[in-house]
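Here you'll find one protein chain in two forms, each presented separately as C-alpha cells under the names structure 1 and structure 2.
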Structure 1
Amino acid sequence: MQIVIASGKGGVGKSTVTASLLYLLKDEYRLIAVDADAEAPNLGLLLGVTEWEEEREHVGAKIARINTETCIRCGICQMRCPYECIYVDDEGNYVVNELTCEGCNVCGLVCPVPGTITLEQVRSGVIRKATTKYGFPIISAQLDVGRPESGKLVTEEKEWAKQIMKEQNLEHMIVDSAAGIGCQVIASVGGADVAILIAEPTPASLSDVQRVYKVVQHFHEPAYLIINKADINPGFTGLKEWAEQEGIPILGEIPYDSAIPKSMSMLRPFIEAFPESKASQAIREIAEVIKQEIIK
C-alpha cells in the first residue's frame, strides 16, 4: 500500500506527525519512507539520518549556453528572453544566468547565428537512500538551487522506493509530501492508495488543505484528516465542518505541544522523545485507527 501524507499549508506539523507515525508502525509493518519535499527535505533529519548510503544525481533540466566566440553581440537574445536571465558581463559578452534560465530556448530560436546558443542538460538535484536507526529505509531528494523538475525528482524517488520494496519484500510506502499543490505534490499524490491530510484549525490551513484535497480528488483517492494543534484556535469550527461536508473521516486530533521543536533539535521523532505527552498519546491513538481503518 502507498500512503501519502499531505497538508497544503507548510508549518502544520506534517513531517513531525509522519515521523512519529513511522516510528509507531515500524514494528508491525515492513515500511519504506519517502521524503517527497525536494526543496526542503526534513523527514530524514526527524528520523535521525545524518549520513546517506547511496546517492544518485538527477540530470534532466536544461539551460541555455551562449558561445562567445560566434556570438555577434546583437542583443536580440537578451531582448527576447521572457525570464530576463541574459546579461552582459564586464567583457561585453552575453551570458545566461543559470539560476533563472528555464531552458525555454527562446534565445536559441531568435539568435541570427545558428549554433551559437544551445541547450545543455544539467543536474537538477540528488536522490539519496539511507537506512534509519529504526531499521526501515528512507528515500529523500534534494533539489539544486534554482532548478526545475521537482516533480520528476519525486517520481524518481518513488520508483526507487518501489524497487527497494520489491527487493526487500516491503509492504507499505509512506510518502511525506511537500506543502502546496505544485509538481512535487502532484507526483506525491499520484499513484497513492490513500491520502492522509493534516491541517490545523485556522482559516489559512483550511484554505490550503481544501486545495490539496482537490488534487487528491483528481486521482480518485480516499482521504482522511488529522487535525494537528487542535487546541490553538478553539472557536474555529470551519475545518471540522468542511470535513463533514466532504465526508472525510477524521482520524484524530493532536493538541499543541511546545516540546515539538525540542524533539526536532534532538533529531528524534516526537513520540520517542516525549512519549508521555498528551500529543504523543493522541498520535498513538491515531496510529491505532490507521491500523484498523486503513492498513488493516
Structure 2
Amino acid sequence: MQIVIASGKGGVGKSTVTASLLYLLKDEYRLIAVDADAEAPNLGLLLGVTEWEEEREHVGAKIARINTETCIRCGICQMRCPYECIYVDDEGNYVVNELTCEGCNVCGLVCPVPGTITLEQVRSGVIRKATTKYGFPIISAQLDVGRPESGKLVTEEKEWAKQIMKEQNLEHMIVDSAAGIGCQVIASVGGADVAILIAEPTPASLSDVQRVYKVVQHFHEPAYLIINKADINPGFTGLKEWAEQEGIPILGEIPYDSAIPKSMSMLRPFIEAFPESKASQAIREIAEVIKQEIIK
C-alpha cells in the first residue's frame, strides 16, 4: 500500500508527524519511507540519518546555452523565451539565466544561426538511500538549487522505492510530500492508495489543504485528515466544518506541544524523544486508527 502525507501549506507538521507515524508502525509492518520534498528535504534528518548508503545522480534537467562567439545578437531568443530567462549582460552578450531556464528549447529553435544555442543536459539533483536506525529504508531526493524538474525527481525516487519494496518484500510506502500543489505534490499523490492530509486550524492552512484535497480528488483517492497544533486557534471551526462537509474522516487531533520543536532539535521523532508528551499520546491514538481503518 502507498500512503501519501500532504498539506498544501508548509510547516504544518508533515515531516514531524510522518516521522512519528513511521516509528509507531515500524514494528508491525514492513515499511519504506520516501521524502518527496525535493526542494527542502527534511525527513531523513528527523529519522537520524547521517550517512547515505547509496546516491544516484539525476541527470535530466536541460538548460539552454548560447555560444557568444557565433551569436549575432539579433535578440530573437530573448523575445521568444516563454519564461523570460534570457538577458543581455554588461558586454551586450545574450545569456541564459541557468537558475530560471525551464529547458524548453524554444530559444534554440528560433535562433537563426545553427548551433549557436544548444540544449545541454545538466544534473538536476540526487536521490539517496539509507537504512534508518529503526530498521526501515528511506529514499530522499534533493534538487540542486535553481533547477527545474523537481516533479520528475520525485517520480524517479518513487520508482526506486518500488524496486526496493520488491527486493526486500516490503508492504507499505509512506510518502512525505512537498508543500504546495504543483509537480512534486502531483508526483507524490499520483499512484497513492490513500492520502493523509495534515492541517492546522488557521485560515491559511485551511485554504491550502482545500487546494491539495482537490488534487487528491483528481486521483480519486480516499483522504483522511489529521489536525495538528489543534489548540493554537480556539474558536476557529472552519477546518472541522470543511472536513465534515467533504466527508473527510478526522484521524485525530495533535495539540501544540513544545516537545515537538525540542525533539526536532534532537533529530528524533517526538514519539521516541518524549513518549509521555501530550502530542505523543495523540499520535499513538492516531496510529491505532490508521492500523484499524486504513492499513487493516
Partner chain sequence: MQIAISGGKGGTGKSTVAINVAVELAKRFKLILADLDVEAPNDHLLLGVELQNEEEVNQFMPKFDYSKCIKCRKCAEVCEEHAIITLKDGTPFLMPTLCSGCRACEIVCPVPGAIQEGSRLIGHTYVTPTPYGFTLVTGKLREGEERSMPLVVAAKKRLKNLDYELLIVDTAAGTGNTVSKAIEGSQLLIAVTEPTPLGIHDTELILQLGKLMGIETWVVINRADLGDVNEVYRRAEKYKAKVIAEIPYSENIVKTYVSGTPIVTTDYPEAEIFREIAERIYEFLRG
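By rigid core we mean the largest C-alpha set that fits within 1.5 Å across both forms. Structure 1's sequence is the ruler for residue numbers, which start at 1. Bear in mind that the values here come from a model prediction, so they are computed numbers and not experimental data.
Identity of the form predicted alone, given as 1 or 2: It is the first structure that is the form predicted alone.
C-alpha of E167 off by 2 Å or more between the two structures on rigid core: Comparing the forms between the two structures, which are aligned on their rigid core, E167 does not shift its C-alpha by 2 Å or more.
If you line up the core, does Y94 shift 2 angstroms or more at its C-alpha between the two structures? True for Y94: a C-alpha shift of 2 Å or more.
After a core superposition, would you say Q121 shifts its C-alpha by at least 2 Å between the two structures? No, Q121 moves less than 2 Å.
Please report, in Å, how much the Cα atom of E84 moves between the two structures when the rigid core is superposed. Its C-alpha moves by 4.8 Å once the cores are overlaid.
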